[in-house]
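So here's one chain in two forms, each on its own in structure tokens, numbered structure 1 and structure 2.
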Structure 1
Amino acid sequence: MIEFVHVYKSYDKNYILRDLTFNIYKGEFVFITGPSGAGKTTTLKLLTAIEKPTHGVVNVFSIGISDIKPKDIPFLRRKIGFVFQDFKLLPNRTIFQNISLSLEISGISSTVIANNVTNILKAVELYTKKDDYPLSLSGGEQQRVAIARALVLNPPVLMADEPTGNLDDNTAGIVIDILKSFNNKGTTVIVATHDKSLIDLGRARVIDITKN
């Protein structure tokens, strides 16, 4: 499903990723790890064509990221839920509207949207905050909204960048349980984190990008 073959990535001749090769199979749960600045976020960005590899091949759903056409990028992104490290919520839309966004852009009807969003909000325990705006939420609450937005479209692949950085151990446990339950339903889950305790909690395959 996802292939990295001898991937190099540089910013201004400064190589971040060197000769990175790995495979992620359909339905897997995988941790990508490495210290701060190692290139975890960069690796995830390569998967959604936010960045392109300098050398090497990145294949997602058998599509080569290097030669994807700009007009196909939105459709690729709809297949991959992305929980951003800095959440990227829209400050002038409520939690509910933020989450329904992923559905609206795919042209889904509003009754289906209302139903799905309500379910996912209950799953991340934020249903009571559905009409609040992101800026009035705590860091941890925002993180859960970001996760809900990524999951609501029920994408075949979910990527989460440091999804528990702002969460206490209890809440982090809840989030990992949610990710696991989606994984059990067939979603491929990729989590980038430096957090050893999270990896212990998840008990899954670990790809250390610095050891490649």
Structure 2
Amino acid sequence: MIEFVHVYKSYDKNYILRDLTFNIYKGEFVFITGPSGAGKTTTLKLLTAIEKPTHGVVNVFSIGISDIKPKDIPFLRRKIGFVFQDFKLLPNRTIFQNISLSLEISGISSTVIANNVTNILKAVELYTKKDDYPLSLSGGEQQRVAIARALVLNPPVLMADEPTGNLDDNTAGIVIDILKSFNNKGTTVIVATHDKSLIDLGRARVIDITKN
């Protein structure tokens, strides 16, 4: 599903990634780890064609990122849900509206939107908050909304960049449990983190990009 082969990435001759090689298979739960500045976020950007490798091969769904055409990038990204550390929720839209936005952009009918958003909110145990606004929620609740938004289109892959960086240990555990519940249903989950305690909670395969 995902393949990195001798990947290098540099900015102004400063190499962020050097000779990175790994595979991620369908249905896996994987942590990508390394200290701050090791290139975890850059790795995720390569997976979504935000960046392209300086050298080496990156394949996602059998698509070569180096050769992908601009017109094909939106189709690639629709297959990948992305969860950010800082949530990136729209403060002037309700929880329901935040989650439904990507469905609206995709031209999905209002009936299907209502059904899909309702189901995903129930899955993350936030249906009773559907009419609330993001700033009225706790950090953990906002992150669960962000996860719901990333998964409402039912992408085969979910990526999360330091998804618990602003959360306490107990809330971080709840977030990991939610990610694992979707992984158990078949979603491939990739979490970038430098937090060893989070990795211990997840008990999944670890790719340490500083050792590649």
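On a predicted model such as this, the values are computed, not experimentally measured, just so you know. When a residue number appears, read it as a position in the sequence of structure 1, where counting begins at 1. Take the two forms, superpose them, and find the largest set of C-alpha atoms that agree within 1.5 Å; that set is the rigid core.
Each structure shows the same chain on its own, and structure 1 is the form predicted together with another copy of the chain. For the motion between structures 1 and 2, the hinge, where fit shifts from one rigid part to the other, lands on N154 out of L135, N59, G37, N154. Rigid-body analysis between structures 1 and 2: the smaller part rotates 15° against the larger, C-alpha superposition. Once the rigid core is matched between structures 1 and 2, the CA atom of K88 is found 3.3 Å away.
Relative to the superposed core, G140 moves its CA by 4.5 Å between structures 1 and 2.
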